[in-house]
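Here's a solo chain for you in structure tokens, the form predicted on its own.
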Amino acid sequence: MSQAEPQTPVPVVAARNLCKTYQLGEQQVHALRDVSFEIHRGEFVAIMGPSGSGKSTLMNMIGALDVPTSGQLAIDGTDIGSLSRDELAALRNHTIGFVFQQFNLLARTSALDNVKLPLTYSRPRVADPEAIARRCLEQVGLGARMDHVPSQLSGGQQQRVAIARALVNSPSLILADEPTGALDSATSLEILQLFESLNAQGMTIIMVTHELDVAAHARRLLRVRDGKLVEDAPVNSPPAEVAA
């Protein structure tokens, strides 16, 4: 009896001839033009490009916040173009952990309760959301700051809370949008090293940035210009000090 062929792992992100066109009055704006790539489980990928390059449009699609005009984008094997608004929301909640430049924490809520928040929308409900939130805060080095509200935390600590919140639903990928943009250079380096540590533990991370020094902490670089993917290459150079 012959052995069954091993199954090819499903990419976390698979883009096929991805196009996005916006109509602004009588003008058509081609934000993405025929973009194709795959991102597999355990990768740490930086997406770079100047303002107007299409990287924000691409990020919104990977985050299931927008759908393509043509082509296909699949997240964890699910074609986002085939989903309803509610199904897109469910995909975002369960498959993607978001980390933003401005942290987006509830100001009067403890770190623990901020991290627990996504679990309140989980279906089915988890048995012990507090235990999961505590574990995620410990994972990012904030085990001693769980009861602090954001105003009692430094910028770097607030971003760690945001990263813990992104981890709490055990997502397939972390999508980080300019995650060091509001931090000084030393704190930026700490956050990037945390991402490196999470990636070493198997987490798939996609980081959108316009800073080459930040992108250097990833292991692969996708560069977008004028709506096209112009570079897809491994990051070979060691990261330099992050610019403030």
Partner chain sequence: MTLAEFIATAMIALRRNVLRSVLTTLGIIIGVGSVIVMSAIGTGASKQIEAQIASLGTNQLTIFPGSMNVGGRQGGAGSAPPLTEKDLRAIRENVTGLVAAAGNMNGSATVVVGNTNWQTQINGSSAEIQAVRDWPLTSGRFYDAVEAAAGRKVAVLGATVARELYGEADPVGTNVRLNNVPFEVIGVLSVKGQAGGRDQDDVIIVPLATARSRLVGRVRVPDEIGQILVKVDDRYEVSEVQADLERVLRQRRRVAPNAMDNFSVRNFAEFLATRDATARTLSLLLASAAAISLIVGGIGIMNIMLVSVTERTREIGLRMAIGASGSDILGQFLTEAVLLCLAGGFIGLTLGAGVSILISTLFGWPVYISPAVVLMAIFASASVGVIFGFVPARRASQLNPIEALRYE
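No experiment lies behind these values; they were computed from the predicted model shown. Positions refer to the first chain, counted from 1.
Only in words, not in the display: the form predicted together with its partner chain, which the text now covers.
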4.5 Å heavy atom contact, D128 to its partner chain in the model of the complex: no
Any non-hydrogen atom of P118 within 4.5 angstroms of its partner chain in the model of the complex: yes
Contact flag, T109 vs its partner chain in the model of the complex, heavy atom cut 4.5 Å: yes
Close approach of D184 to its partner chain in the model of the complex, 4.5 Å, heavy atom: no
Residue (of S151, S84, S170, Q102) lying close to its partner chain in the model of the complex, criterion heavy atoms within 4.5 Å: Q102
Position in contact with its partner chain when the complex is considered in the model of the complex, options S197, T69, S36, N60, heavy atoms within 4.5 Å: N60
Per-stretch contact check against its partner chain in the model of the complex, the hit in 89-97, 153-161, 73-81, 130-138 (non-hydrogen atom, 4.5 angstroms): 89-97
